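Let's start with one chain on its own, the form predicted alone, as structure tokens.
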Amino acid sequence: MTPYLLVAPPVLLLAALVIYPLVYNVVLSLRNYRTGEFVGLHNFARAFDDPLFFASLRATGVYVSWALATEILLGLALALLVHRTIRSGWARTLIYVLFFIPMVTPPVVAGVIARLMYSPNYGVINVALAKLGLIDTEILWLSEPGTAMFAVLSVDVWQWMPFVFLVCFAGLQSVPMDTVEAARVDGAGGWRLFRHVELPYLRSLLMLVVVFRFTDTFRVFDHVQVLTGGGPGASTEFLSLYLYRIAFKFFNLSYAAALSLFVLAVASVAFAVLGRYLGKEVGE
């Protein structure tokens, strides 16, 4: 009985925090939120006729795609730049500290700071652009769909691009120097050195970064709620904000539960694809 007794606490904790809420969510999605009457798949069928749900799904896809692409490309580029140009240990330590600051900033605080910066009347961004002569009138950053999406993306990139940078920089440190020197002796330039020597060491790490960042961006809530509240209109009302509105503003918990299971299905498919590709990369 000893092995079972040792395993029991984490299993019970997992059941209490994950399995029970999931089962309760499934049961809730099959009932009417007002009467508690069993309605079967009615809530799921309703989702297919809900244009706001598909609008939030589309907005989430745009946000996740741009956030992942920007953070990975920018973080990888900065990691290569620092790795190849800065050799001083003190300089690298200072860069590490500066890049840790956004990561430890609470998302709500980041949203408040960004809201002040993007304010049309006294925001530092409009003031700076006006001083440089780039704009004649104030830009309503949070009142137009395109600029509002840019604003929420900029906060996510500022806060989590450093995570990509640190992971990629650590991966570059693991590349054997003798292999790099041999490639340079053979005439490999900067791009070929990255493509054929450094990138193979970074592939598995990049896939892990994609998995982690996909998880975070897919469930983004805090700074978007503070910055735009899902507006203007529904241009930044991502799935997490839409589910929050359905559940805690309209109190339609059954429909929100059904939508959350749709989200779970979409995320599971994405994770299955990424996990399969990641397993292949690690195996190679």
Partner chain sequence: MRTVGVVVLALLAVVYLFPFYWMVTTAVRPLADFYQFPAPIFPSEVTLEPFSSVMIGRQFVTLLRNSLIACLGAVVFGIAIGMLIAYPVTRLPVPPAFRRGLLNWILSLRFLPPIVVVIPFFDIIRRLGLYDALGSLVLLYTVFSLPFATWMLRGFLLEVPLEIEEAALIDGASRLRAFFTVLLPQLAPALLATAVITFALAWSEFMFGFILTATQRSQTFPIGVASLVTQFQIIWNEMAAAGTVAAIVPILLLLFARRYVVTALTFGAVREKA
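In this text, rigid core is short for the largest set of C-alphas that superpose within 1.5 Å between two forms. All values derive from a computational prediction rather than experimental measurement. Positions refer to the first chain, counted from 1.
Below, we refer to the form predicted together with its partner chain, which is not included among the displayed structures.
**Q** Although the partner isn't part of this model, could you tell me whether R184 comes within 4.5 Å of its partner chain in the model of the complex, counting any heavy atom of the residue?
**A** Contact check for R184: no, nothing within 4.5 Å of its partner chain in the model of the complex.
**Q** Is there a heavy atom of V112 lying 4.5 Å or less from a heavy atom of its partner chain in the model of the complex?
**A** Within the cut-off, so yes.
**Q** Indicate whether L30 is a 4.5 Å heavy atom neighbour of its partner chain in the model of the complex.
**A** Output for L30 is no: heavy atoms all beyond 4.5 Å of its partner chain.
**Q** Please run the contact check for S65 against its partner chain in the model of the complex: heavy atoms, 4.5 angstroms, yes or no?
**A** No, S65 is distant from the partner.
**Q** Please state whether every one of the three residues F54, A151 and M177 places a non-hydrogen atom within 4.5 angstroms of its partner chain in the model of the complex.
**A** No, because F54, A151 and M177 lack any heavy atom that approaches its partner chain to within 4.5 Å in the model of the complex.
**Q** Within 4.5 Å, heavy atoms only, which of V197, I72, V211, A188 is in contact with its partner chain in the model of the complex?
**A** So the residue touching its partner chain in the model of the complex, by this definition, is V211.
**Q** Quick one: from V157, L193, L129, M207, grab the residue that has a heavy atom within 4.5 Å of its partner chain in the model of the complex.
**A** Checking each option against its partner chain in the model of the complex, the one that comes within 4.5 Å is V157.
**Q** For a quick check, can you give me the residues of 94-123 that have a heavy atom within 4.5 Å of its partner chain in the model of the complex?
**A** Going through 94-123 in order - heavy atoms within 4.5 Å of its partner chain in the model of the complex - the hits are I95, Y96, V97, L98, F99, F100, I101, P102, M103, V104, T105, P106, P107, V108, V109, V112, I113, R115, L116, M117, S119, P120, N121, Y122.
**Q** Does superposing the core leave V23 with a CA shift of 2 Å or more between the shown form and the other one?
**A** No, its C-alpha moves less than 2 Å.
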